[in-house]
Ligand code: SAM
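Just one chain follows, in the form predicted alone, and it is written as structure tokens.
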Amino acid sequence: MQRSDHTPSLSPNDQGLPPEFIERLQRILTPETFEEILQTFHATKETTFRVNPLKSDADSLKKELESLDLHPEAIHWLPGAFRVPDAERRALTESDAFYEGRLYIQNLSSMLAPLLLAPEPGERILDLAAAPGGKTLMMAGMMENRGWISAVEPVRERFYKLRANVDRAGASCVHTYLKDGRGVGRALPGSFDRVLLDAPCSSEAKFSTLHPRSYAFWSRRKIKESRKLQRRLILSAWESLKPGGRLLYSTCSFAPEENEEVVDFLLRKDPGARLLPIDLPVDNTMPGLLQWEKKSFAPSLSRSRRILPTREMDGFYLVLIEKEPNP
């Protein structure tokens, strides 16, 4: 894929973003998409959310919110998901439906991870970096509260937020653990049908010039630190997976070091890891990179996908990996 090699023209707003981040983003994206995507870092985004099917249904929730003079608009490609203008976000968060767990505010990009992993009722699922719990709870709904989801979170404050969200949602199939995910695979090898690892990352896709703190601590060093942790986590996730099971790896970073390079690391460790084709219901995507700086990656990484940011979707990276079944 051709990359742009001209110096980006920066508006005054762009100056708020780290110049090195902009330069790297330009090399990741195509010339056709770079300028448009750069503008999303300055935009106010719509608020998206989904119904909690353990407590309500899409029609009932829509009517409840409309009675509060809110204007939820259904997302055509994901039943049960809605958007409202940003101006209605506060009223949404002050509604009984929010406080009582009938809805969960979540970016649409984040909803794609459970959608692709496709957990089924009765299965054993591991969510290895689960807080604050949006993907965990979406999987519980997809599983109709039948089965077992182990939701692991090592940071105490985030763990208690996860547990509160699980309780509010009525997700009785979710079991929360205050635990370092790097040790789970060794403790529970071959135990789970599916594993979701939305890995801690540099959070590049959440940068906003409206909130300078979102990128205040970004650096190339931060990316390298994240990669080190991500490698340990993906090996733990892989070890915990049953033969024939599936692992969904995702981040909210654009950085190839945190995405393709981490998955390529797993592929080199285990030739039995196979990347599956991804069929997404949106078209704001691009295939995974096969080369970054001086490193080349396995050809199958073209099956991974970056979600390109829009006015309603954050940037995201997704890859679905299957473990070779036992002979």
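Since the structure is predicted, the reported quantities are computational estimates derived from the model, not experimental observations. The numbering used is simple: start at 1 and walk along the sequence shown.
The following text describes the form predicted in complex with this ligand, which does not appear among the structures shown.
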{"property": "Contacting member of 72, 119, 256, 181, with respect to this ligand in the model of the complex [4.5 Å, heavy atom]", "result": "181"}
{"property": "Among the candidates 205, 112, 149, 233, the residue which, in the model of the complex, approaches this ligand to within 4.5 Å (heavy atoms)", "result": "233"}
{"property": "Options 211-219, 238-246, 89-97, 225-233; stretch whose heavy atom lies within 4.5 Å of this ligand in the model of the complex", "result": "225-233"}
{"property": "Interface membership of residue 135, this ligand in the model of the complex, 4.5 Å heavy atom rule", "result": "yes"}
{"property": "Interface membership of residue 164, this ligand in the model of the complex, 4.5 Å heavy atom rule", "result": "no"}
{"property": "Residue 103 within 4.5 Å of this ligand in the model of the complex, heavy atoms", "result": "no"}
{"property": "Exercise: residue 131 in contact with this ligand in the model of the complex, heavy atom 4.5 Å", "result": "yes"}
{"property": "Contacts with this ligand in the model of the complex - residues in 142-176 whose heavy atoms fall within 4.5 Å", "result": "153, 154, 155, 158"}
